[in-house]
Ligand SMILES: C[S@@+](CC[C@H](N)C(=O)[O-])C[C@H]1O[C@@H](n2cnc3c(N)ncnc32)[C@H](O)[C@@H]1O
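Form predicted alone, single chain, as structure tokens, below.
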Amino acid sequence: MITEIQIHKPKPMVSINDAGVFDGTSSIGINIKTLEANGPVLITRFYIDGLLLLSALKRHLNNKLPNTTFKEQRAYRGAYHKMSNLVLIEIVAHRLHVKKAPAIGWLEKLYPETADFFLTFPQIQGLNSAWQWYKNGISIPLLRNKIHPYYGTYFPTRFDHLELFDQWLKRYNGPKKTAIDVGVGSGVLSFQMIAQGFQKVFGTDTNPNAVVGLNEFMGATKLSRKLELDIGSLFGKFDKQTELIVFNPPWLPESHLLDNMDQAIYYNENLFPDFFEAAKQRLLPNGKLVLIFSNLAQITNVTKGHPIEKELAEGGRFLLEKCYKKKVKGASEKTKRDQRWRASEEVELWVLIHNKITLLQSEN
């Protein structure tokens, strides 16, 4: 059940004007020209017609745009995002108004007061996939039970960084009274900590869907007494000191090549300085600060800078205790993206401790 919290969801369109129509028989070429001219196209007959049009759009863009390097791939995805989101589909009585369409429970769950509206076809694809994940659950190799990610919530599809964190947790011999999970997402890192004996974990996220989804998933179980959540930036309302702070931040710096910035993937220039300053205030004197990161931005030439290395070199707040690295598994042979850089990718687990000199100076 949706709470009073403002859930992130696709904005419904109650009406559309001057839209082209694709019913499986009209010209794909004409409809692509309509999309290029920023005109909407409505799918009216079969659900698969929307898939056919988007597939044709990809072929069209592949012929027009280079799609080899990492930066070219991002530019291609930006162009596809813009044009594909002009392809629309109608919802009537919380169901897709085309034949042979999937049943998507989110249409009623997220829009209880709006039964008839329009959404873009990629939004519908996202809702459909998210419904299957939510309904059927997703197995995470390091967790006993499946997770059921709420719509619009980040969940891991690769597990190298989770394995690295699990290995570190099993070696951790410090106190386990409390921990803070910054950017809790679907809760995987928190669940790992609880499984390793932490009595209480405080999780925060700027995404309300993550918090609503986790609260719904936990219900009134014992787990709900071990994981307390808050919607907020960085540490949210949690201002007490703790023995362990864990942060799996975005791995890529924010870019203006894409129209929609996903805060789970891209970080802005203020994120790390703000985080380290706030973490300094909340980490107990002998506590550990653990950051899970990657060299992805460096090996793909998105940036030469590394925000954690910069903090250690210039911030003066923390010292490096240990950095563990693990090569990632190769890309799936099914992927269509050129990911030759994956051979050089490593996930990183940074363990930082207080710089006792600056800690004493701040206390005095």
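Each residue number is its position in the shown sequence, starting from 1. Fair warning: this is a prediction, and the values are worked out from it, not measured in the lab.
Not on display, but discussed next: the form predicted in complex with the ligand.
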Name the residue from 201, 104, 189, 279 that puts a heavy atom within 4.5 Å of the ligand in the predicted bound form.
189
The single option of 245, 184, 212, 87 touching the ligand in the predicted bound form, heavy atom within 4.5 Å:
184
Would residue 207 count as touching the ligand in the predicted bound form under a 4.5 Å heavy atom rule?
yes
Do residue 234 and the ligand come within 4.5 Å of each other in the predicted bound form, heavy atoms counted?
yes
Should residue 249 be counted as a contact of the ligand in the predicted bound form, where contact means heavy atoms within 4.5 Å?
yes
Exercise: residue 156 in contact with the ligand in the predicted bound form, heavy atom 4.5 Å
yes
Using a 4.5 Å heavy atom cut-off, which of 176-184, 108-116, 72-80, 219-227 contacts the ligand in the predicted bound form?
176-184
